[in-house]
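This document starts with one chain, in the form predicted alone, laid out as structure tokens.
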């Protein structure tokens, strides 16, 4: 990966505005959230429709078409545990801006997401977990290896997998932060790409602290080899730190205006 990959997180069914828009098939709030993130510099847009057990096979293609018609140059990360909904979304997905990302496989009940990614030549996020948060890094690496082995069996290249060691909340799991950073380092040293949900780290913290915590953790993780993250791209501090880290890692030449790139 030439530069750090940012995946915008703000089209999420947990948001009342987005949930209502999905239920009513109202594209305007979804397009508004997407536009804000694209203009802020997000490379991918995550589209989380939740479990969508009842109507996922119709809902995911609908939202994929809405977003790709409005933002034809922005690739999507399709986010649901419903495999049939994912498949339906991938079938209508226009690959011109880049491959879709499936969010996400794990080493447990969702391992078959790897096969889906291989079948449709998609990328996939691989959670280094089986059932909840891993106890330690030995478990993380074990599950990472299981996912990698399944991918090799399915014919999916490791370049198409973003391994997620599971970022954990600092408020209550402060003692686990260095462990997660070490997992990023270990997975990166295996020659693999990595990602994680950055907002997980600051979840439950006061609003005025969240951006600072996320930006600092992200900078530390990038130094450990992190290659992408699911973020709120409207947080300028986080975005500026990512751009600066890319600069320091010589991923582009310095210019006084580099933050405007």
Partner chain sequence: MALNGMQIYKLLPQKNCKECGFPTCLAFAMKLAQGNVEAEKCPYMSDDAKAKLSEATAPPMRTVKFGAGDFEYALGGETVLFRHEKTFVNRPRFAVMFSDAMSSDEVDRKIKNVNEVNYTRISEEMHVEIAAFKCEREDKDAFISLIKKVTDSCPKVVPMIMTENTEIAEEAVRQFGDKGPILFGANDQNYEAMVNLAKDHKLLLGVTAAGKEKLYELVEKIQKAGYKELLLDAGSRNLKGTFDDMINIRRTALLSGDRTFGYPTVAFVCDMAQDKMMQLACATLFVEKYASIIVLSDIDYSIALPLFALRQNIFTDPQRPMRIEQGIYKIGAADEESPLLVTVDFALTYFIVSGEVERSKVPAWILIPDAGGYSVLTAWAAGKFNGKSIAKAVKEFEVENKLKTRELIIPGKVAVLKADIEDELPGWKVVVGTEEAATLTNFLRNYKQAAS
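None of these values were measured; they are calculated from a predicted model. Positions refer to the first chain, counted from 1.
Another form, the form predicted together with its partner chain, is not on view; read the next lines as being about it.
Residue 149 is the only one of 73, 149, 131, 175 with a heavy atom lying within 4.5 Å of its partner chain in the model of the complex.
Of the residues 141, 111, 83, 169, just one reaches its partner chain in the model of the complex with a heavy atom at 4.5 Å or closer; this is 141. Although the partner is absent here, residue 190 sits close enough that one of its heavy atoms falls within 4.5 Å of its partner chain in the model of the complex. In the model of the complex, its partner chain stays beyond 4.5 Å of every heavy atom belonging to residue 115. Annotated contact segment (heavy atom within 4.5 Å of its partner chain in the model of the complex): 141 to 149, selected among 75 to 83, 93 to 101, 141 to 149, 119 to 127.
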